[in-house]
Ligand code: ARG
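Only one chain comes next, encoded as structure tokens, the form predicted alone.
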């Protein structure tokens, strides 16, 4: 229900090039109405005092079933809504609403995650994984077909170093037994040798050359390393509730670079600079895009360009979104510009979405795997903390391990999504487990409380029926929930437009706070039957929206906690 449009349409006097709907905002407090129209921006246009403008406009407002009264105060037109009528229509509309369809028939590919295989997932991966997954769910909510792509790092001399380490210090049997831990050990040991003698750098390059040539001895070792490392990464992704459709990475797309180079040559876009082949971007105030090194090896830009061409052929996407840290912004600007110069039909569909850093307070979490805590350390620590929190609850929980896993996942995911995408954030583990304040456990516990009230109601009364609801009983706290519920879809659309799930996270948190305030001020199961029905219908709609909101921000709903 578009309340702002209803209020804007009620104003009879129109002003050229002014859309009242864009000016109407929520009031800061209930004594100043539910919504208001500040008239200060109109003063310059109309050459009149803002308060006089407000009086003139308010004097000629159409009567509406949705408007209880209108007041003018110091340049504001304050609208007080009819709680009964607005509540009835809003709740009915949400409960009966069907799926959003604006993206029907359109394909969106989102590239996120992108770990370097044969290395531990680091803590920063949490941000790309959870923002990426949340964006995927937002697009799906609006009817888009979404393809989750993980451009894995399975290419380069680090694999030469790891295989060199295996040859010098270990065996493939040890790799199969210990997995990523063994790969990391060999990589570290080889780097230590390389620091003392540069001949090992050449050894790593030679081994990687054999990988590229599919040497009969080296290539199977490489393939096994990739298989083991990717399997380990997929396991960690699943712990966070994330799964991908496509794991093809740098090695796969590298085979298409020769075709890319030929195309660039035909378009006269390639030039030679110090032996390397580049696309000159000085006309666009950017450094050159490096396509091939002087020795003929490929670079990130050439592999990304090749991947974009193949992905468009495979998926015929309408939008291709790359989610990475803000530090890679120039890289994407460069090769996006090359794609435009190549006149690729998909070039205008490419989009880079950047995010800020994610870190931990120093010394909060130790690592069993090196100097710095990695993602698996964080996952293990948070799960152990969740188990302790659940154990200390005063009542029995039927499936405590499952609940602990869902709480720990929620804590991690919400720690990312509650902060605006572009901002850096520091994750304070101890505060994140509080059942008070803006935390995931607070929200999950709120949902369980709503579930409990609805169960009690169903045991004692008939189901809430919209035609038998007296919304006149709604107090300010109940109506605050109604207005927030009404804005939920708008918040989701804003999150999609801005590519920032924090808009949804904030609205979900606000709904939980509003419910707890309502629960404190209201005896939900007391009153006439029609009053109880109205309050329960409100909670059922709230539960529906919270469930959808939780899913969008990658948080599990719990029935007990």
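All of these numbers come straight from a predicted model, not from anything done at the bench. Numbering follows the first chain given and starts at 1.
Omitted here: the form predicted together with the named molecule. The next part is about that form.
Heavy atoms within 4.5 Å of the named molecule in the predicted bound form: which of the stretches 265 to 273, 406 to 414, 327 to 335, 129 to 137 has them?
Partner-contacting stretch among the options: 327 to 335.
Complete contact of 439, 445 and 551 with the named molecule in the predicted bound form (any heavy atom, 4.5 Å):
Spot residues vs the named molecule: no contact at all.
Heavy atoms within 4.5 Å of the named molecule in the predicted bound form: does residue 184 have any?
Because no heavy atom of residue 184 falls inside 4.5 Å of the named molecule in the predicted bound form, the answer is no.
So, residue 208 and the named molecule: in the predicted bound form, are they within 4.5 Å at any heavy atom pair?
Because no heavy atom of residue 208 falls inside 4.5 Å of the named molecule in the predicted bound form, the answer is no.
Contact flag, residue 155 vs the named molecule in the predicted bound form, heavy atom cut 4.5 Å
So residue 155 does not count as contacting the named molecule.
Is residue 322 close enough to touch the named molecule in the predicted bound form, meaning at least one heavy atom pair within 4.5 Å?
Within the cut-off, so yes.
Of the options 114, 254, 297, 167, which one has a non-hydrogen atom that comes within 4.5 Å of the named molecule in the predicted bound form?
The option sitting close enough to the partner is 114.
Sort through 151, 479, 190, 317 and report the residue having a heavy atom within 4.5 Å of the named molecule in the predicted bound form.
Spelling it out, the residue with a heavy atom inside the cut-off is 151.
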